[in-house]
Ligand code: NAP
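Only one chain is included here, represented as structure tokens and corresponding to the form predicted alone.
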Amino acid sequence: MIQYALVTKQDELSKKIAQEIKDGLKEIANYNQEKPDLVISVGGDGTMLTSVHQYLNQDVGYIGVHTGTLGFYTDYLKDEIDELIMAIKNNQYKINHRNLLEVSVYRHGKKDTYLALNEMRIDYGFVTQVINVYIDDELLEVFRGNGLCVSTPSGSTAYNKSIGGAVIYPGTPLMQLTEVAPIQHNAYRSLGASMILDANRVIKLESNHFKCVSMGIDNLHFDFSDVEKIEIRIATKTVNFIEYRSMSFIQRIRRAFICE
């Protein structure tokens, strides 16, 4: 029997839906929070990001039930639990491999590595950031502004979209560099547009202002001191999203951002 786990948003509706899933799967699957084959996220996109990071070191598949505010990563609505249970029982699905970012933070002569499904971002609005941006060790620009965001195709519809980045159709391992509130006048200039890079490229960030770095990795936040440099590349590891029924990227875009 399939082993599954639930990661649930802590509101009453999500808890109720999670219990309905547990009741419906009693005869066909084993609940195993520690070593699941399938992780069912009940909530919104934030809950899915929590799910991914909780089981990032395990080989699992993810499926989402929407009870939150956006649900771009979710395939089922709160009134479609019977359909989800039947789909798990039939066990007919395809796997959608989503790329991750590998973010390496160098400090004190050591390297700490983090993985991101959506994006990494340096966004600090209190003090202007001055960051040297290199692509494959070649200087692109000296950025001045609030910060920078590097996103995957999956994350192109998240924070990246809100700061004017492009939406990228998933499937190709790409990363997108987008500036956050750049300073643009006759003394300071930067690219002023998103740059899309293939999987062979490495983005390197260096700055004299990196004595203290406030960095976001998806829905996680980290504060670092005395950072020497940050490198971002496409990770070799991917995350497996389970699709029991087909929903195209265009359908997801329309559902999340366009249709009323």
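Nothing here was measured: the structure is a model prediction, and the numbers come from that model. One rule holds for the numbers: they count along the sequence shown, beginning at 1.
As for the form predicted together with this ligand, it is not shown, yet the points below apply to it.
Item to check | Candidate stretches 198-206, 23-31, 214-222, 228-236 - the one whose heavy atoms come within 4.5 Å of this ligand in the predicted complex | outcome: Of the options given, it is 214-222.
- Query: Does any heavy atom of residue 143 come within 4.5 Å of a heavy atom of this ligand in the predicted complex?
  - Reply: No, residue 143 stays farther than 4.5 Å from this ligand in the predicted complex.
If we define contact as a non-hydrogen atom of the residue within 4.5 angstroms of the partner, is residue 60 a contact of this ligand in the predicted complex?
Residue-level check for residue 60: no, no contact with this ligand.
* Does this ligand get within 4.5 angstroms of any non-hydrogen atom of residue 73 in the predicted complex? -> Yes, contact at 4.5 Å.
(request) Examine residue 179 and determine whether its closest non-hydrogen atom to this ligand in the predicted complex is within 4.5 angstroms. (result) No - in the predicted complex, heavy atoms of residue 179 and this ligand never come within 4.5 Å of each other.
Listed by sequence position, which residues of 29-44 have a non-hydrogen atom within 4.5 angstroms of this ligand in the predicted complex? Read in sequence order, the lone residue that approaches this ligand (within 4.5 Å, in the predicted complex) is 44.
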